[in-house]
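This document starts with two versions of one protein chain, written out as structure tokens and named structure 1 and structure 2.
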Structure 1
Amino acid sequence: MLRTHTCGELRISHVGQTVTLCGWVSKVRDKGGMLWVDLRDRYGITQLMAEEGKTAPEVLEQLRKLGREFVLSASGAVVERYAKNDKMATGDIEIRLEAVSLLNPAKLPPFLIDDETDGGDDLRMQYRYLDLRRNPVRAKLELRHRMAQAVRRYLDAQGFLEVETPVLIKSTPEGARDFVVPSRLHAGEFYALPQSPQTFKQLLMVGGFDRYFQIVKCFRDEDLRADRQPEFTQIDCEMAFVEREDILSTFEGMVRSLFTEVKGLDIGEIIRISYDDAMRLYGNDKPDIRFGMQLAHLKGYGNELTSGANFVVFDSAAAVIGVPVKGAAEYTRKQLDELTEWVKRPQIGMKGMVWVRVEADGSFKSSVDKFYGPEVLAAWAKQAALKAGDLLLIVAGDAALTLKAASELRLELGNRMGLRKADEYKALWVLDFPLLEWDADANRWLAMHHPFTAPRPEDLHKLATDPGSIKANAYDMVLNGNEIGGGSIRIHDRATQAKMFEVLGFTPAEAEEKFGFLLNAFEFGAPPHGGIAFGFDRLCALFGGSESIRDFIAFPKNNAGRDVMIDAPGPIDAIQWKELHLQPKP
């Protein structure tokens, strides 16, 4: 080893030892008679010191030629610092230099390599290898490492085997678009990169590997956003001879273990609600339950509390939904007007907003007083569980659009009121999703999760007669309003799987062509099985208190799906076009 210690290791107990450190020059401070160098590696920073008359002239000469990010080996005695720095782990000591060796010079970096950098996102992505030297970036990747190791320890203790599945597979027609890879040896044929190892993990269950997991790279050719990358990582798991409760308890245990081991926190109760209740109470299937504000349906979901007043906005609406805001009756007209403009944005799509205030004396004041009297407003307040000092914000319109708008308004209020704290965690299971959803454009049913999800046992008989009413034996885990994991009990017999393909519009020949290997496997003693996959990048981001998964990936793509550091994707040469049996662009 070129070094005896790291730059974050030395303490007052090391005083008197002669050591050698290696790292990058972070700062040089030359005061004439004294010279200091901050040397940095991934473990920390140690101050090096040289003094006129006590340090060899050739060492001083070398130090004065150093620039930022030069790679250096430095040897000397550990001494106690005269002016200690309690902000550094090594702040009680410094190295009195005896020898230095320049291992490599460096160009001046294009941005400051420090916790607070002057580099923008695009520049830091272009020089990601320099950005990785910064403490905040390194800390995020260290968190990712700790979480991966904690996952492996937990699942290993539960008897799971880590098995690698293929990366070059067959393209499938369901789900997001595949990334495809042309075959040189098989002209005109293509591999696909896996969107998940779904069928392979089911085949592992057929093969008798009754507890499988893999921290695996997956690929989806779809539009990007802050929590989505073209390549991402899953904690992929499957279990045989289990029912839903076995999977929920096992992976609830994994999440609890992660919080305990990585963050030192007790996640508390992980509640369970149905998909239908999640949509009714929160307006979406991944509710943030760190705060209340459960939606109040004044019209819709079996309620009709707005008719008879000739208020055209509500009378013509399919849904009228209120968001109760505790203690917000003092909102000013300016604040209410600002929220009204917020819901009218194209992204939300409402034409306006109605408000009802419960005064301190229990009386009501609203923006629709000339249409609705105190008795009706009292009924609305009861529906929304309002008390004195509370506020109800109401949106109306098309059922699906209004439900989404109410959900977004609830989350926006949670943000504005500081109720969505990054260091507070609430998890829940969402159960009993619809098995299928109707695609009007394609005029056929689509699998809401994927075509291998089993119906709830009590709904299985509806597959041929009433598929739209079937609930899936599926489950999602939600953390702070983010889906972090999802899975299901799988179909494990050929007849049911073939029927599912038929409902989804596959002909028998198409089903055989795409999934014949799985259908055939089910005829050789497939056990009952089910599983789950967690979005590992997203889980790391949530543990790190970040909105973006890019911060927790060593070499991420940008919002356009490009790697600006290596300039990928890029063209291939004429020989490769020919070998792959492709036609180059004209």
Structure 2
Amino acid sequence: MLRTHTCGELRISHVGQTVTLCGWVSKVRDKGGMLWVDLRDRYGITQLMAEEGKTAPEVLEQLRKLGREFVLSASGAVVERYAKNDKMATGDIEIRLEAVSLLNPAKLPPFLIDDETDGGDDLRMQYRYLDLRRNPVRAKLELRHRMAQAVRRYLDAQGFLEVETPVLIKSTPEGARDFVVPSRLHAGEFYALPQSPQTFKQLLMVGGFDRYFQIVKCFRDEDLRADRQPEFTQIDCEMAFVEREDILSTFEGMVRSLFTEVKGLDIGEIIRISYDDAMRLYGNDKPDIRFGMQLAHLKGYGNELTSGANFVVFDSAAAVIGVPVKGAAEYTRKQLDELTEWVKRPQIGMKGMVWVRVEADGSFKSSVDKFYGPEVLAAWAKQAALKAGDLLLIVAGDAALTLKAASELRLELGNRMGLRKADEYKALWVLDFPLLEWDADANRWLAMHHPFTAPRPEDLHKLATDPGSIKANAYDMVLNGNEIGGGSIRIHDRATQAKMFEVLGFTPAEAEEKFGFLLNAFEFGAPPHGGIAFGFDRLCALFGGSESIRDFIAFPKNNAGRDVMIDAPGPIDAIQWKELHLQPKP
């Protein structure tokens, strides 16, 4: 090793030892008689010191030529500092320099290599290798490393086998678009990159592997929204001879052990609610339950507490939904107007907002007092479980749009009231999703999860007669309002799978061509099985207290799917075009 110690490990107990450190020059302070250098590596920062008259002149001369980010090897004695720095792990000591060797000079970096940087996103991405030197970025990737090891340790201990599934597979676009890879050996043919190892993990179950996992790259060629990446990583898992409960408890265990091992905290109870209840109570299938504010349906979901008052806005609405806000009765006119404007933004799309507040004496005041008397308001307050001092914010209109608006309003209020803390964690399972959703454009059913998801056993008989009413034997794990994992019990018999493909509008020939290998496999003794996949990038980001995944990926792509550091994608040469039997289409 070019060093005897790292820049993070020297303590007062090392005083008197002669050491050699290597690292990057973080800062040089030259006070004339004394000169200090902060030397940084992955493990920390150590202060180097030289003194006119005591340090050899040639060492001082070398030090005076140093620039930021120069790479050094520095040797000397560990000495106790006069002025200790209790904010640094190495703050009790410094190195009295005896020799310095310049390992590599450095041009001035285009942005500050510091916890707070002056570099914009584009610059940081272009010089990602410099951005990676910054503590917050490195800490995020160190967290990711720890998460990956902890996940594998847990699953290994539970008897799961890590199996690598192929990356060069077959294109079976259903849902998202595949990335494809032209074959040189087979002209006109293509491999596809997997959107997930779904069919392979099911084949492993048919192959008797029983418990499988993999932390694996997956690929989707989608138009990129903010914070989506064309390549992303899943914790992919499958189990045989199980029922839903087994999967839920196994992966509750995984998430619980991750929180304990990586963050040293107890995640507490992981509650379970149905998709229908999640939509009714939160307007959302990935509810953030760090805070309450469960929606109050004044009209809709079997309630009708708004009629007979000739209030046209509510009378003409399919849904009237209140968001109860504890202790917010003192909201000012200005605050209420601001929230009204907020719900009227095009992204939310409401025409206005009604409010009701419960005064300290239990009386009501509302923006619709001229339509509704105290008895009706009391009924609303009861429906919304309001107490004195609470506020109810009400939106109305089309059922789906209003539910979504109420959900967004609830989350916005959570933000404004500081109830969505990045360092507080609440996880839950959402169960019993609809199996199918109707695609009005394509005039066909789509699989809400994917075509391999089993219906709930009690709903199976409706596959031919009433597919829209079927609930899937599917489950999502939601953490702080983010879907972090989802899965299902799978279909494991050929007849049901073939029927499912038929419901989804595949002809038997199409089903055979795309998924014949799976249908065939089901005829050779497929066990009951199910599984789950967690979005690893997102999971790491949430553990890191962030909503953005980009800094939890070492070399991410930008929103146009480009790697701006290496400048990919790029052209290929004429020989490559020829060997791949391709030409550009003008």
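Computed from a predicted model, the values in this text were never measured in an experiment. Take the two forms, find the largest set of C-alpha atoms that superpose within 1.5 Å, and that set is the rigid core. Residue indices: 1-based, along structure 1.
Only structure 2 is derived from the form predicted together with a further copy of the same chain. Core-superposed comparison between structures 1 and 2: the Cα of N559 travels 2 Å or more. Superposed on the core, the two forms differ at Q576, whose C-alpha moves 2.6 Å between structures 1 and 2.
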